[in-house]
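Next up is one chain by itself, shown in structure tokens, the form predicted alone.
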């Protein structure tokens, strides 16, 4: 589904990603884990077109999307939930979602408003509330709902648990598990390896902008028990 080959990216004169290669299969959930400063967010921003790759390729179903602008990623059935969410705070929940729904028209419909209400009951209750009046957890739910109305088959999430209360994190993880059950492919960028290991099949460990380790399917427990690896790559 998604293949990244020898990706190099950064900001100005600073190179952050060095020859990064990884893949995500159809219906597969893959995590990118690493300590702060490892380059995880830079990787997401490069994949979704907010940063232009200096070299390397990003392929979706064999099509090179390396130079695709962010607003056209929906054409390739990719949706991204960034760490800062990028919602329109002055608009209501309904208005934020309608913008995504209009952009997703033309794609094969996978999610409708009934699905959104079932996944996020809070949203139906607060449709007319300006987003900037919602809590951080509620805004995260709106951001995920907005992404789903783009009708993706690949959802990329950058640090979805950051700054959220444990109860909200649990609710969002349950939603992600439900999406996985429906066949959604997932790329989860997450510093919390406990969360990543609970909902993904395998993972890549990013350190100083390079893939330093790959956690194979069924090997999460082995990795987490290896204190040397965890300390070396995750800093804890």
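Remember, predicted model here, so these are calculated numbers, not experimental data. Numbering follows the first chain given and starts at 1.
Omitted from view is the form predicted together with a small molecule, to which the following refers.
Between the options 37, 183, 69, 194, the residue in contact with the small molecule in the model of the complex by a heavy atom within 4.5 angstroms is 37. With respect to the small molecule in the model of the complex, the three residues 11, 42 and 83 uniformly fall within 4.5 angstroms at the level of their nearest heavy atom. Under a 4.5 angstroms non-hydrogen atom cutoff, the small molecule in the model of the complex lacks residue 115 among its neighbouring residues.
Residue 159 belongs to the set of residues with a heavy atom inside 4.5 Å of the small molecule in the model of the complex. For residue 215, no non-hydrogen atom is located within 4.5 Å of the small molecule in the model of the complex, even though that partner is not displayed.
Contact check for residue 16: a non-hydrogen atom falls within 4.5 Å of the small molecule in the model of the complex.
The stretch in contact with the small molecule in the model of the complex, judged by heavy atoms within 4.5 Å, is 29 to 37, chosen from 196 to 204, 56 to 64, 164 to 172, 29 to 37.
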